[in-house]
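Take a look at this one chain, the form predicted on its own, written out in structure tokens.
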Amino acid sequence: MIKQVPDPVLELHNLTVVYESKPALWNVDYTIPENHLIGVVGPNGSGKSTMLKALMGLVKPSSGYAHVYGKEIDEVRQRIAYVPQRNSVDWDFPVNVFDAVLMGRYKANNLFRRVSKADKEIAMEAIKKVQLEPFVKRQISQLSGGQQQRVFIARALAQEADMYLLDEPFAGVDAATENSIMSLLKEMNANGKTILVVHHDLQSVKDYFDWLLLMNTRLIASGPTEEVFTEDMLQKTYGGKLNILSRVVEIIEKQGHPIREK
């Protein structure tokens, strides 16, 4: 099932990305409506991160295109905030939390303008929203994994974008941090933001997202979560891996172990 929508905020058409003669994305074609909280789900190596990078213009498609708000990415880049995977960043870079978040206020076409008082206030408000006020002057290398993830999200918030692309924002964070981040994303969505989240935990999909993309190099399904998140579609996405995942969860639950630490 691939549901096409009129007037999409995000449109991919026959998008293919090839690395060293091997397709990372193959002929991906979908449309996304505005103001949805969208989960991007699939096995490791299924092209989820590559798709976000292609949307941001960080990798060049072999064929096809991506349009955001009906335009090429370079025309609307300031309307999009991108939060990459935490392990893709050099956290030893000598910058504190406030300055890292303030980077979200720099415009691509005006990197050398003076930072205004309003910019600093917006950055500080973003830090408050992710509950990092006590760490505002701390070097980012001295933060925990969950705190580093929140710095990334605060920087994206400071950008005041319309669309947010987050690549596995819950990887390596505890349950409390995940719940805090998810509450913030839902609040942003309620305020009209469109949010795409690469996600790996099938148990929380129905609670987190109202629209879903299922991927395994190619697009398996796209549409409202209640229509797409079915056993048949998941089998097509994960194949035999789904049976293994389901079995592991079942064993853990029977033994009385929590799936995640609180």
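In case it trips you up, residue 1 is the first one in the sequence shown, and so on. Predicted, not measured: the structure shown is a model, and the values here were computed from it.
The same protein also has a form predicted together with a small molecule, omitted here; what follows describes it.
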TODO: Note which of Lys236, His200, Lys206, Arg218 lies within 4.5 Å of the small molecule in the predicted bound form, where distance is taken over heavy atoms; exactly one does.
DONE: His200
Open item on the list: Under a 4.5 Å heavy atom criterion, is Gly39 part of the interface with the small molecule in the predicted bound form?
Closed with: no
- [ ] Verify the contact flag for Leu10: yes if a non-hydrogen atom of it lies within 4.5 Å of a non-hydrogen atom of the small molecule in the predicted bound form, no if not.
- [x] no
Open item on the list: Gly70 versus the small molecule, in the predicted bound form: is there a non-hydrogen atom within 4.5 Å?
Closed with: no
Open item on the list: Taking the small molecule as it sits in the predicted bound form, is Glu168 near enough to touch it, meaning that at least one heavy atom pair lies within 4.5 angstroms?
Closed with: yes
Open item on the list: For the interface check, one of 206 to 214, 61 to 69, 40 to 48, 222 to 230 should have non-hydrogen atoms within 4.5 Å of the small molecule in the predicted bound form; which one?
Closed with: 40 to 48
